[in-house]
Ligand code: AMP
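Presented as structure tokens, the chain that follows is alone, the form predicted alone.
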Amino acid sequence: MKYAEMAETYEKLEATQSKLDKADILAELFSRASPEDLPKIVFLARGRVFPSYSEDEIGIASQLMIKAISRSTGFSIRDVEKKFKETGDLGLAASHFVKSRRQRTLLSSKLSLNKVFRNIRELSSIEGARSQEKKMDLIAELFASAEPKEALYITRTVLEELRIGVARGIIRDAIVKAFLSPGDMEEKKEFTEAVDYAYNVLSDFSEVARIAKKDGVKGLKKAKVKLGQPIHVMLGEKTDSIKDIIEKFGKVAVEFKYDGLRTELHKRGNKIWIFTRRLEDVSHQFPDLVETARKALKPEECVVDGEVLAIDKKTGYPQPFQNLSQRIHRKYNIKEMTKKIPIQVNLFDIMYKDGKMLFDKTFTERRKILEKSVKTIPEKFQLAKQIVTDDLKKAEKFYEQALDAKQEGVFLKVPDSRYVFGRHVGGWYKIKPIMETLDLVIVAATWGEGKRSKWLSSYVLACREPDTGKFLPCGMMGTGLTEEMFETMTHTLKPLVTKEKGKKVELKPKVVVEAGYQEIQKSPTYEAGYALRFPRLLRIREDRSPDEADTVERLKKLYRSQGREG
């Protein structure tokens, strides 16, 4: 397939706001793609060339892209920077200069989809001497053969700023529409559920699309765990009352809800992988956990689910999550950090063991399998604390014990519940003694003044619009941070800057924070239609991806819970 077809598809997607139309546009492209091209097309539809769990990053900043545009079109760097300032979109700038370029490569051929995909992927693997030059060469090679429209979307893809409003749900619906034959429309629900299942097991829509095209619903239902490829985890629903859950289900497993990092451990022989709930591979950052898991997990192969805590050596209590996050981001001096911030692991589930997937086993059955699969190392590598009861007083006493141990609260787990991916699925309920908070994404910021002039110190918070994947601003936050936290936040956000005007910067939506607030108000100013009054930072959510941020619907629900209409 020629890349021009992909660029035309991007243009159509960008021109419509309808998620149904977007799914139809992609379904048409998916259905006629060759088996070789299909996985690449699925990746590129989200503006990516790697699965979400991959450690590989394109890692190209705007300045390097400006140089590549200059090199391939013959215009000066100053010309490109000026156009970038005018348009606010480096893709549009690239399109303009490719259209007006002063130099053309003789005998340049039409760009293939494979060529674009391969060159962009290769950018992540280039290191060492002359790496920047080599990266520019790869990008310039694409521009040399690109038409203006192709240059626009190549630039946005390299910078990970595609802006076409294709969320995960649209990819899912497009796969269903592309590979469910018209005569099988009554089976649409079954096909959709099969696509969801395969994606939750494989975490890679490119693989899901390939299976759907080749083997249909039967193949999707047979999707199997791949060790080293993370699974989407089961999440708990919020509840306000232990009593309500016991009255509804009777006997339940009451477990500590630990205040740490949700962790998925994979084992194959001596090989250990550690994934976060965001599907990030953090094995390198936790060599102590890798070594312990190698010894303490008995099966030859398994996938277990748990929580990692940073532990205070003196008190034995958990350290603040922000301390643990230092380890998550650390790439150097790892051994020093393992001594400075020791960890404890508490396991509460097992999803796979020695070739067998355990999703359909009851929670009680899985717990028994887990108990037999772990060689406990007290206070270091152990099972989550648990009681099974239908006695409300015992459950409430256990809840108080969890709080006394400085944990978040408890989970109430229904004994016969299966392992079901995602949130609001029933079976697990969580209760903790704090107000309803919001997980929101930072999409813009402002440089401070006076003492704060060296920091990005005011942050625009946004909720998620699930149909399009867009982030809608709903408040400005500047409190709840220490000087050290302002410095850390600035260091984290600076590489995400996509546009700067005066003191204000726009950011790639990657950093998720848990925000408290005084109340929620209706607002004509913010795009979400609602605004948080006096929002404050509670913590950075290293364990949340932007796709898991709270939606505008939840914001609306909380607004109504304040006793207001609308």
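The structure presented is a predicted model; accordingly, all values stated were derived computationally and were not measured. For every residue, the number given is its place in the sequence shown, counted from 1.
Omitted from view is the form predicted together with the named molecule, to which the following refers.
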What stretch, of 248-256, 219-227, 90-98, 395-403, brings heavy atoms to within 4.5 Å of the named molecule in the model of the complex? 248-256
Applying a 4.5 Å heavy atom distance criterion, does H266 contact the named molecule in the model of the complex? no
In the model of the complex, does F411 have a heavy atom within 4.5 Å of the named molecule? yes
Looking at the partner-bound form in the model of the complex, is R541 within 4.5 Å of the named molecule by any heavy atom? yes
Can you tell me whether E307 touches the named molecule? I mean in the model of the complex, with a 4.5 angstroms heavy atom cut-off. yes
Quick check on this chain: which one of H232, R262, R210, R452 has a heavy atom within 4.5 Å of the named molecule in the model of the complex? R262
Sole residue of F348, Y459, F381, F286 within 4.5 Å of the named molecule in the model of the complex, by heavy atom: F348
Within 4.5 Å of the named molecule in the model of the complex: all of R277, W428 and K432, by heavy atom? yes
